[in-house]
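Only one chain is given next, in C-alpha cells, and it is the form predicted alone.
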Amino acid sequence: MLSEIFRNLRKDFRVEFRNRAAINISIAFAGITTLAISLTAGGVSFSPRVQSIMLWIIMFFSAMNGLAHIFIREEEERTSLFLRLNSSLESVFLSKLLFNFIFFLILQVVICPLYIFFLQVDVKSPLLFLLILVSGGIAISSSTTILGAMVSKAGGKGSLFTVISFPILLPVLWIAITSTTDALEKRASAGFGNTLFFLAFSGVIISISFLLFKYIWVE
C-alpha cells in the first residue's frame, strides 16, 4: 500500500506542477485579496479579531479550488477508472489526503508571510500561531478530501464544492479564528487546547471518510 500511495502522490504532484493551474489560481487569489485589503485599509491597523477573520477567510477561499481539483481532475481527464484498476481504494484515498495536506501547507507558507507583511500583523505568540495554522489546515484538508470525491462523482465543479464545504467547516473556521486571535493577543491558555480539538476532529473525519470512500467513489 505504501508504494501505491507514494506512486499516486508522485503522479498527482507531477501532473499538478506540469500545468500549475490550481496552485497558480489559489496563490493569485490570495495575493490579490491581501493586497486589496492592505490598500483599502490605507495603513490603518485592524484589531486582532478582524485580522484573524480575514486571514482564515483568505486561506479558505484560496484553497477551495485546489482541494477539490484533486478528484475533479480524475473525472475530467477520464483517468479515475484506470486509477481504480491499478491501485487499491485505500491507497487512492490516502494519497489524495496527503496531497491536500501538502497543498494547503504550501498555500499557508505563501499566504501567511504576505498577510503579516502587508497587514502589519503583530504575532505575540508565534508557537501557538504556527500550531493553529498547521492543525487547522489538517482539519480543513481532511474534511474537504471526501467532499471533493463526492462533488466529482456528482459532476460538480469548484463552485459546488465551496457551497457544501463552508457549512461543514464553519465550526473549524470559528475555532481557528478564535485561537488565532489568542495567538495575536498572547492569550495561549485556550488556544493550545483548541489544537487538540482540530487533531481529534481530523481523526474522526479521516476514519469515517476511509470507511465510506469506496461507496462514494466507486459507482
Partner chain sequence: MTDTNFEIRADSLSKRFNKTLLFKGLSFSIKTGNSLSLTGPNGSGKSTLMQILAYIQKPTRGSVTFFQNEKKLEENDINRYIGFTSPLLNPYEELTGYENIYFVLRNKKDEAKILPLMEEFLLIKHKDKSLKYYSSGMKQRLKFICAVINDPPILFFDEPGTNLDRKGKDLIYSYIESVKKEKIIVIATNEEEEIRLCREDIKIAQ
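Model, not experiment: these values are computed from the prediction. Numbering follows the first chain given and starts at 1.
Keep in mind that the form predicted together with the partner chain is missing from the display, and what follows is about it.
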Touches the partner chain in the model of the complex: Ser143 (any heavy atom, 4.5 Å): no
Would you please decide whether Ile116 lies within 4.5 angstroms of the partner chain in the model of the complex, comparing each non-hydrogen atom pair? no
Even though the partner chain is not shown here, does Leu81 get within 4.5 Å of it in the model of the complex, heavy atoms only? yes
Contact label in the model of the complex: Glu77 to the partner chain, heavy atom within 4.5 Å: yes
In contact with the partner chain in the model of the complex (heavy atoms, 4.5 Å), from 104-112, 129-137, 82-90, 143-151, is stretch 82-90
Proximity to the partner chain in the model of the complex, single hit among Val15, Leu196, Ile208, Ile25 (heavy atom within 4.5 Å): Val15
